[in-house]
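In structure tokens, the next block holds one chain alone, the form predicted on its own.
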């Protein structure tokens, strides 16, 4: 196990009707003028936005609103939010929605206190300060409610990039599993796939002797394998929704990733898919991850065989562990298909002729690489895209 530091200061408020406490927690963490940042649609139709506003009003907290966040959140709205925060002297941002709203809120929070272009942070500049962010979560997926990460798409060139820093971790997050019960099955499955992908990015590591985090990763994956089919069958299963919602947070606040090298190539490869085709991030990951696994499997056959046995229930073939590893990848594909996820370019609506463009936009050039488990060149990435056809 590698040396590590772990700091996760977010205050979690979990359970039914907890969105009605939003005002109390904004006040607790020093907010007096709030930007409520959200997408639209169900947040408004369900009455959630009105309940959050009432909670703020009950505590005497002023607020302004900025809706319109889209899946794969865009830079244009971030710029608009930064300008609004400065104009209205906002001192706290409350994201109401899923990972897209939270990621956009984090970008605004960092940009509002920065004299330059917020996009600098998405090109590698460290984030050292940001306005405090709170969240009211409506979909279990990105894990942004507990992480210091944010992903934004720059509309000029449609570049999808990530930024991160401890300053971006939400100060509080309200998690009411009942708010996810109205989600369509496809969105639920996309979110679940994203959660599993966050675990995979950490599980496939070259670091040795990490049994504790291996087992934590496997526990999250086993929970998803059990609970996702239950909510697909019965969207109102609160207990299954609760387990999935907490799994989403655990999967990405880095509890399951400390002390080990992490990969993250698959997320980068997928970002070009969702930036180009505007598909759901989870759906793109369902296509990319099995292809990535197939391509890099021989880097550590035993690790792939281990997850096949511990998560997918395969029997270890000690004479030929590669067969066990392949069986595990096939079991993953079967699971993704069973919950309604695409596992190929064709199902996703992606085109073979766009592969060179996606590879180029990654910016690896001739000598660059991405990922840590098996560093990938541009040619490697092209082969992974082609395996996904």
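Here the structure is a predicted model, which is why all the values come from computation and not from measurement. Positions refer to the first chain, counted from 1.
Absent from the display: the form predicted in complex with a small molecule. The rest refers to it.
Within this chain, residue 47 is remote from the site of the small molecule in the predicted bound form, having no heavy atom within 4.5 Å. The closest heavy atom approach of residue 164 to the small molecule in the predicted bound form falls outside 4.5 Å. The small molecule in the predicted bound form is approached by residue 160, whose closest heavy atom lies within 4.5 angstroms of it.
The closest non-hydrogen atom of residue 71 lies within 4.5 Å of the small molecule in the predicted bound form. Exactly one listed residue, out of 247, 179, 307, 127, brings a non-hydrogen atom to within 4.5 Å of the small molecule in the predicted bound form: 179. Note on contacts: among 84, 258, 131, 183, the single residue with a heavy atom within 4.5 Å of the small molecule in the predicted bound form is 183. Note that among 332 to 340, 33 to 41, 354 to 362, 317 to 325, the stretch whose heavy atoms approach the small molecule to within 4.5 Å in the predicted bound form is 33 to 41.
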